[in-house]
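Taking the form predicted on its own, here's one chain by itself in structure tokens.
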Amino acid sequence: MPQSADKVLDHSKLFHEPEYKEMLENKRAKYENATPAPQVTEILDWTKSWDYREKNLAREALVINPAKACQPLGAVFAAAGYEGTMSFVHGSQGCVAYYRSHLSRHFKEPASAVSSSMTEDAAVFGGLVNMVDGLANTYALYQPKMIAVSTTCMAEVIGDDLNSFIIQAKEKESVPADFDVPFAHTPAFVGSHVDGYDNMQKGIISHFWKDAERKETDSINIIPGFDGFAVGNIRELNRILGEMGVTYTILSDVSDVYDTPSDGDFRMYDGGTKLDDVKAAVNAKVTVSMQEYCTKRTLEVCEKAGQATEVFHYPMGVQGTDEFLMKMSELSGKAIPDSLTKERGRLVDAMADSQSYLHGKTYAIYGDPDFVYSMARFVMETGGEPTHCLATNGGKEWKAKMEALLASSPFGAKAQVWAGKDLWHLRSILATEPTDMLIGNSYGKYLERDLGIPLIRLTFPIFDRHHHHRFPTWGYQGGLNVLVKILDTVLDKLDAETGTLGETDISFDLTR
């Protein structure tokens, strides 16, 4: 066996050694009662047929690998974007470990959150004691400026009242009476992470704006929405609006907390929207959402406060960025500078340079509703065809918007919109109606392996690649980044198809 202190193999190579192959084969034979290989192959082939597809798409009582996560994940993400804020999840430790690991694996950064550690007794008698002790420990140990409370399934099923629990915890001096403890009910068994993000944003804003006397200013509030590329996108947003000279406040700025430097100092809290700025944000004349489906409830609070609201769908590519910049210019009275106009021209030029490789390419796109909408629009700008558009957390309204978008271009003529479907549905769809490429998150790698369709990773979560989130996808510069990712995949595929020595390499060109 080659494994030793002097020669340590990574698991990707270690388990291919003869000793491990023999061990695993013996395990299958003795303990797993494995189905014979020919039968496995026969069934696997059948699951790629139209017959299986019809049965799979008719499925109602089961969800297999949904392209979404649960509400509390979105709540933890939203809370992380505020100054000195610790997420306190009222539920079990295991649930909170999932949220932390999910965010840490994507951003490659620590994701801090604590739990009320509810167990069987709390599930029967309620979690008040857990809340009282948990808030006291969180305040003493982690010294936050704010504690943002959300819930898991357990707390919601038994009906724990967060408002009442927080009041009682303050009465028992777990935290000072004037300490900020906003909350949101985020049941994990309904909705998705975008709803949890929305509920927590609503909870935080409502907490700070309650009974506030509003004095309108020229400032603009911006809510980014749940975004796996938030580090790069929020910084790009700051750059663009800075060049325009816009006065604005980003509500939940996670760009620093999920991209802390290695300089010898651990930062449990870094950056984030200042709490004083959140209080002052009630005076803004308008609140702008970068992702409509992440902010529906939050925008209702803004409207009730007397603010105008505007919504976008993940502004990426030429048209998406045009619409955003023109609206910001209209709202702020600031002109779009020549520097941004030049960036637009460079993106258009890059798209034109590569048009011959992009025209007519077909795509399957999956992810959150706003992302799928924006990605499909950008694909059509390049001359591509978004053949399948799927959002597990997309509903009838989203489907109608998608169909209207696709109908606006000849490149959307063949597109199909799949609202509420999961990635096992998408497997059947692609096995029977394949596309040239697949755009989504890391979970698509299993579809790539199974069906041979190259995957382009452009949305949360990305676990099996590093540092994508540090580069923007919003704006003209972000559109250029996305264009390069798509082109690299197209050209890698072309090289693979023309690289067989003596057979296909007559077209294995140096210049593409």
Partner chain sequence: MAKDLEDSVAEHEKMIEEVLSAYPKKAQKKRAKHLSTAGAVEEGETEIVSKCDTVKSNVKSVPGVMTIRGCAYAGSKGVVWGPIKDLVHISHGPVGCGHYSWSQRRNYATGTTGVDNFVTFQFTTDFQEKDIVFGGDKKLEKSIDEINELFPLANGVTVQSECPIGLIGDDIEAVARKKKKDIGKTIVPVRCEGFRGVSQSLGHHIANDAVRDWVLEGEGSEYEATDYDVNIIGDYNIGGDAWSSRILLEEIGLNVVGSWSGDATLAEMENAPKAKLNLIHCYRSMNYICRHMEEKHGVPWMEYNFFGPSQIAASLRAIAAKFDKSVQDKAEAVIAKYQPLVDEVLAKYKPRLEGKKVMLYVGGLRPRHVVTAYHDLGMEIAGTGYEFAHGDDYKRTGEYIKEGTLIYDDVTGYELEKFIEQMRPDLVGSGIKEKYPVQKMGIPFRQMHSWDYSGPYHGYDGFAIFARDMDLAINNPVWAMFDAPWKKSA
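This one's a predicted model, so the numbers in the text were calculated from it and none came from an experiment. Take the two forms, superpose them, and find the largest set of C-alpha atoms that agree within 1.5 Å; that set is the rigid core. Positions refer to the first chain, counted from 1.
One more form of this protein, predicted in complex with its partner chain, exists but is not displayed; see below.
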Of the candidate stretches 89 to 97, 203 to 211, 339 to 347, 275 to 283, the one with residues having heavy atoms within 4.5 Å of its partner chain in the model of the complex is 89 to 97
4.5 angstroms heavy atom contact with its partner chain in the model of the complex for residue 360: no
When the contact criterion is heavy atoms within 4.5 Å, does residue 503 count as touching its partner chain in the model of the complex? no
Although the partner isn't part of this model, could you tell me whether residue 179 comes within 4.5 Å of its partner chain in the model of the complex, counting any heavy atom of the residue? no
Report whether the minimum heavy atom distance between residue 457 and its partner chain in the model of the complex is within 4.5 Å. no
Among 138, 287, 291, 199, just one has a heavy atom within 4.5 Å of its partner chain in the model of the complex, namely 138
Contact with its partner chain in the model of the complex, heavy atom within 4.5 Å, among 129, 405, 311, 351 goes to 129
Judged by heavy atoms and a 4.5 Å cut-off, are 215, 305 and 418 together in contact with its partner chain in the model of the complex? no
Which residues within 392 to 418 place at least one heavy atom within 4.5 Å of its partner chain in the model of the complex? none
Is the C-alpha displacement of residue 491 equal to or greater than 2 Å between the shown form and the other one once the rigid core has been superposed? no
Superposing on the rigid core, I want to see if residue 450 changes position between the shown form and the other one - specifically a Cα shift of 2 Å or more. no
